[in-house]
Structure formats: structure tokens, C-alpha cells
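Below you will find one chain, with nothing else, as C-alpha cells; this is the form predicted on its own, and questions on how it binds or moves follow later.
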């Protein structure tokens, strides 16, 4: 099968969040299973090709028509880990300082990207079977193919799949942008095909026109069909519910592997974790003035409201006053940064705060911590809880989205320590969050055998991409019948 991923970011060249991880890891799994995978993404200024053995080579050059505009496009190609990367180069749109997103003209930038990627499909020297687009940035491509190229011999038979990673970002534009940026008729707005909240939504366009739609966990798929959990998409997704499915993301189990991780203090596995994982905690605590005999609760996260900042702070305050250590690594909302810095100022003997991001410290925290706090307000899938389990750090989660699908929560009444690999609660409530933290402290301090079983279960949890990739291949095959 010839699969083309169209994504605004993809490891190892660009990443801001989980999308970059998923596009790369899922593609790599397809290659393992014998499929041909091409990845189309922008050529950002920040990409450093010097650390790779091969530099990209220019393959194509063409103009991209966007109403009166005809910006140029250069396409560069690089093979990496048996995957074909095609980079869309336009310095005006993508050679900018700063991040990948957040510019005033993001709507125009990614309209250009979607148009350029669609034209590239005609240039590729093989028959494309599936075009898999991700989020709002490429969401208009299924619409472009089915409206503008319905009779094109090279493009008319291509099947499309849209994956919704974050429903908060819908790609809003005004009505005239349909023609101005995408060369599409404004009747698509007038008849409601791409209209959402009285604006054009490129994400809704993908929902309307893609042959199949997925999101990143089964529970999140259900939540997106409810009024409360859909972020405004429930009606459109209910209409497409027969073509909509949730597939739980996997994780890169090579990058995150306590047996071989060179950044942690001491490597360990399921057979020696009692000794060697504890040595990681001893070293981390020694470096940062914490007591290694106390349980260590960690947070590695963007500090945004979506992540449940008020619950995290309440849990941290409780933990540090009830005989535990708390460590946080992240940046985001200024008030949250100040809040955690304030906690450190009041209780430095039990608190570690790093505002910013360090991959090295993140790995050390996963390996050193006993528990990993992730009480999100909503979480389509989540990666932190999976990484934590991989390192034997027990997640404390609110059971929403992918957190519910990936964590088996300990229940003392059911005595399920033979399968449980974390702790959880349902209601978004400070009281419930603190109860969860108290339960974890109780197990750590008073139920040593139970704690050991839970850690062992976490270490042996399979979050590889194998099963998820097979489900995606089934989805692809169903569209080709």
C-alpha cells in the first residue's frame, strides 16, 4: 500500500507536541509491516539537517495558485529510516523565527501548504492509495480533492483519512477565504459543508469530505460525539459516526526504554527495578535537595489549563504536606509558573520546579519518580502517562479520553493489583484529585507488595504501535474496497 502522510510536523525534523510523535511513529510502524510511506510537511527554518547523514535534494518546483497569488513551491526529498520525506519549501511562509505556529497569517500559511501538498500528489512517481491528513492544517485536502479534482485521472481515486488530534483548533477562516486561499466555491460555506460557528472551518471540511475519520483514543471518539465533550464538533461527527473511530496512540518504545536510556542515572528492567529504579530516585533527590526515602510525584507537562493546573497544584500542596516530594517540569501559563515557584519558596525541602523544558531532566524524572500526575480537563490521548508506565512511574489520572483507555486504575475494593497500573478518578474536582493522591500515598507507605505489583504491571504494559497500526491499516483497506 502506498500511504502519504500530510502533517504540519513530524519527527525527527519538526515537533511541538504529540502530532509530531504520532506521524513519525505510526509511519515507521507501517514501514515495518511492508508498506511504502511518504511524509509531506513544511520545510521550516529551524530544521537542522546537518545531524543527518543525507541532505534533502530538490526534486520539483511549481507555482501554487491561490486566487490572485501564485507563490512558488520547491519540494525537497530525503529518505530517513526507509520513509520518504517531502518538504514543502517557501521562505515567506515557513522560514520564520519562532515556533511552527502562532503567526497572524497561519490560515494562509497552511492553506498554501495544503494546496502545495495536493499538487505534489500529482508529481509523485507512484499511485497514491491513501492520503492521511492530520488536524486542521491539512483538513481541507479531502475537500480539495473531491471538489476541485473529482475528474482528474491522477487524483480522483485517492482515498483520504483525517485524524483529529486536538479538537480545540478548528482552522477558522472567513467565507471569502474559500476562494481566496483554496480556489473553492463559496457555496460550500453557504450550504453548510464547511461552516462551523458561522466561519469556515478547515477541520470541519475534513470531517465532511474525508472517507474515514479517526481520533486518538476510543474514549475520546465517544466524547467527541457528545455535546459536553465535543468542543463543538458533535453534530458533524454524529452524522459521520459510521466512518468515525478512535484508535489509541502508541508510543516510541525505543526512545523511551529504561533498559537502554543513556540519560538516566541507572538502567533497569522488570527484573531489577526494585534496586535500580530506586537508585535513580536517590541520585535525583541528592542533586536537588529532596529526601529519597519519601515518595516522589512528578509532572512533565505544558502548563496549560487543559492539563488540570488547579488540580495539579492542589495535589502538589497536599503531597508536600503529607510526606511526599513533588517535582514539576514545564512552562506555559504565567500564573501557573508563578504558582509552582511559590510552592517551592514555601516548601523547598519537598519541591522541585524547573520552568522550561529539558529532555534530559524529563527522562530523569520519569525514571526517578514513583508517581506521575496527569489530571487533565480533557486529553484526546496523552503520551506522558504511557512514558511514565514505561519507566514504572504510576500515573495518577482523571479518567478522560486516552487516559481512561491507557491506565487501569487500582481499586482496593476489587483488589485488582494483578492488572492495575495506575490510579484514577472521574469528576473534575479538587476533592477527588486529593483523594487520588491520598490513595497513592497510602499504597506506597502501607501496602508495599501492592505497590510493587502495580509498578511491575506498569513496566510490562505494551504501548507499542503494533496493534494501533494494524487498526489503521484495516481502516485504510476498508476505504479501498
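None of these values were measured; they are calculated from a predicted model. Numbering follows the first chain given and starts at 1.
One more form of this protein exists, namely the form predicted in complex with alpha-D-glucopyranose (GLC); it is left out here, but the text below deals with it.
With alpha-D-glucopyranose (GLC) left out of view, the stretch that reaches within 4.5 Å of it through heavy atoms in the predicted complex is, among 339-347, 80-88, 270-278, 158-166, 158-166. Out of the listed residues 399, 302, 122, 286, 302 is the one that sits within 4.5 Å of alpha-D-glucopyranose (GLC) in the predicted complex by at least one heavy atom.
This chain appears without its partner; in the predicted complex, the one residue of 115, 351, 201, 249 with a heavy atom within 4.5 Å of alpha-D-glucopyranose (GLC) is 249. Residue contact check for residue 382: one or more of its heavy atoms lie within 4.5 Å of alpha-D-glucopyranose (GLC) in the predicted complex. Taking the partner from the other structure, alpha-D-glucopyranose (GLC) in the predicted complex has no heavy atom within 4.5 Å of any heavy atom of residue 253.
For residue 459, no non-hydrogen atom is located within 4.5 Å of alpha-D-glucopyranose (GLC) in the predicted complex, even though that partner is not displayed. Although the partner is absent here, residue 11 lies well away from alpha-D-glucopyranose (GLC) in the predicted complex, with no heavy atom inside 4.5 Å. Residues 18, 19, 22 are the ones in 1-38 with at least one heavy atom within 4.5 Å of alpha-D-glucopyranose (GLC) in the predicted complex, listed in sequence order.
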